[in-house]
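Quick setup: one chain, the form predicted on its own, written in structure tokens, and binding and motion questions come after.
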Amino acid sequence: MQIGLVGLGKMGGNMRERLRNAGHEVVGYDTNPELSDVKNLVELADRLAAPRVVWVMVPAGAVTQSVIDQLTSVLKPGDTVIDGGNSRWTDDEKHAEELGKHGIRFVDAGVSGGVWGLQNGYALMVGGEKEHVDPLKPIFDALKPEGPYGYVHAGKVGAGHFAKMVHNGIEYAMMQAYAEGWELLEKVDSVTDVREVFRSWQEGTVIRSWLLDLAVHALDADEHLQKLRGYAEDSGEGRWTVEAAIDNAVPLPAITASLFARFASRQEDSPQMKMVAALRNQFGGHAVEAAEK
């Protein structure tokens, strides 16, 4: 299958490679000419046979809106735009309407996998009309992990990004729990090898997980996380999850507390946030800040 891919950063570049490895033809565009296969979106559209499929993998908000606006002018009726970035689900309805006026289909895809997606595959949560989603299955099948899981048509437009938002909210709370446990273990005198305690949890315990594996990986690289500043950013999806909970009167005490804990990291060098920062770097390649000497 042929597809255009806009945005060739940490995830987009790896997605292009994974799709090509699966035998699909990918025409990539990025504002960095060293990464791009074409000079602009006009050339990208010209390189694709109708009906065209263009996957957008750029930052949420103004950047995504700009790309959607440009694609509206270069694509034709019957073409499809997939937004695979971390857009807010409410933007999806707006983008579907804008593109729909020109006969262009819109599908939203929540994508999880970070810097490990090329090797392990990407979990995909997709929203859109069935007749718009079904023709794209070869692309989704190539990107998802091997086996029966890792892809879901979650519902109508916006459902994919809403599901990914909730996924990230849960991720916030899980990381916070590991971070709090790690800090408490580091604090007491009786526990002399915290890293090996974490390692011992990797098999046979109810809290084993990929995040725990990544925590051990981070501790192997920096046993007491002394090289990191206790600061962790929030991507926006944690906030959106809490806002959606308020709008729907759904109690989310753990996720809400984990979001507020990140705010605390901006006031002081929080030991817990060293672990959260390390985990974000491990699974997503997110930037970390060096500890002050």
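Throughout, we count residues from 1 along the sequence that is shown. All of these numbers come straight from a predicted model, not from anything done at the bench. In this text, rigid core is short for the largest set of C-alphas that superpose within 1.5 Å between two forms.
There is another form of this protein, the form predicted in complex with a further copy of the same chain, and it is not shown here; the text below is about that form.
Do heavy atoms from each of Asn120, Val191 and Ser200 fall within 4.5 Å of a further copy of the same chain in the predicted complex?
So, yes: the whole triplet contacts a further copy of the same chain.
In terms of non-hydrogen atoms within 4.5 angstroms, which of the given stretches 25-33, 233-241, 53-61, 39-47 touches a further copy of the same chain in the predicted complex?
Contact-bearing stretch, as computed: 233-241.
Would Arg20 show up as a contact with a further copy of the same chain in the predicted complex if we use heavy atoms at 4.5 Å?
Looking in the predicted complex, residue contacts with a further copy of the same chain do not include Arg20, since no heavy atom lies within 4.5 Å.
May I ask you to check whether Val74 falls inside a 4.5 Å heavy atom distance of a further copy of the same chain in the predicted complex?
Outside the cut-off, so no.
Can Val133 be called a contact residue for a further copy of the same chain in the predicted complex at 4.5 Å between heavy atoms?
No - in the predicted complex, heavy atoms of Val133 and a further copy of the same chain never come within 4.5 Å of each other.
If we define contact as a non-hydrogen atom of the residue within 4.5 angstroms of the partner, is Ser270 a contact of a further copy of the same chain in the predicted complex?
Judged by the heavy-atom cut-off of 4.5 Å, Ser270 is in contact with a further copy of the same chain in the predicted complex.
For the stretch 77-96, I need every residue with any heavy atom inside 4.5 Å of a further copy of the same chain in the predicted complex, listed N to C.
Result: empty, none.
Is Arg16 among the residues whose Cα moves by 2 Å or more between this form and the one not shown after superposition of the rigid core?
Comparing the forms between this form and the one not shown, which are aligned on their rigid core, Arg16 does not shift its C-alpha by 2 Å or more.
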